[in-house]
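Listed next as structure tokens is one chain, alone, in the form predicted on its own.
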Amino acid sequence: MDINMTLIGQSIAMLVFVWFCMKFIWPPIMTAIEERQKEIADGLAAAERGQQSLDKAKAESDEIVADARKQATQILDQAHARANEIVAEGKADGVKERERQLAAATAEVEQETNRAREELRGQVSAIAVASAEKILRREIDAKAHEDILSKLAAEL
């Protein structure tokens, strides 16, 4: 194959076309590609920041939920403790009231016992006086005394 003018013309035309493309077409295309790469990089960086922000918000929400659970547990523990205190106070008050009522009942029983003893003493003394009168009206006889004392014991 011979090198002729057509080949040289085509080579020159190709060189002019390449020079024209590199001078006027290539820079705007490269600028557009670089801008697009920058937009994509910015978008990826924003997505990364968004993901980090989401992870941080999730961690904070988990902390808030954990704190709320701790507070709820503390409140429940305090409520149980207060309920136990109220029950203990109620029991203590019940014991005090029972002891007070028991003391009052014991005092009342003792009072009734003393009253019954006094009444019984009065009756015994009346019987003793009556027995002495009966003994003195009869003759002094051991058998009669024993009979009167057995009747007196039966009456008591």
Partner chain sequence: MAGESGHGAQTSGEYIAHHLQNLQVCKVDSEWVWNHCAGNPMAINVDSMFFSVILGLVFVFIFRGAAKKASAEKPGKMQAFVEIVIDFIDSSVKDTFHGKSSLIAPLALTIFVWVFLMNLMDLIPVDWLPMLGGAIGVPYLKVVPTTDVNITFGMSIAVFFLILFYSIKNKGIGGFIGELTLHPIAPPMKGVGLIAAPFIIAFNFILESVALLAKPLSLSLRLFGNMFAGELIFILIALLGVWQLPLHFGWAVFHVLIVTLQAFIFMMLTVVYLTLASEEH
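Being a predicted model, the structure only gives us computed values, none of them experimental. Numbering follows the first chain given and starts at 1.
The form predicted together with the partner chain exists for this protein as well; it is not shown, and the discussion that follows is about that form.
Put simply, of E63, E89, E119, E39 only one has a heavy atom within 4.5 Å of the partner chain in the model of the complex, and it is E39. At least one heavy atom of P28 is located within 4.5 Å of the partner chain in the model of the complex. With a 4.5 Å cutoff on heavy atoms, S150 does not count as touching the partner chain in the model of the complex; it lies far away. For the chain shown alone, A132 is not a contact residue for the partner chain in the model of the complex, no non-hydrogen atom being within 4.5 angstroms.
Although the partner is absent here, D93 sits far enough away that none of its heavy atoms falls within 4.5 Å of the partner chain in the model of the complex. Counting a residue when any of its non-hydrogen atoms is within 4.5 Å of the partner chain in the model of the complex, the hits in 19 to 34 run F20, C21, M22, F24, I25, W26, P28, I29, M30, A32, I33.
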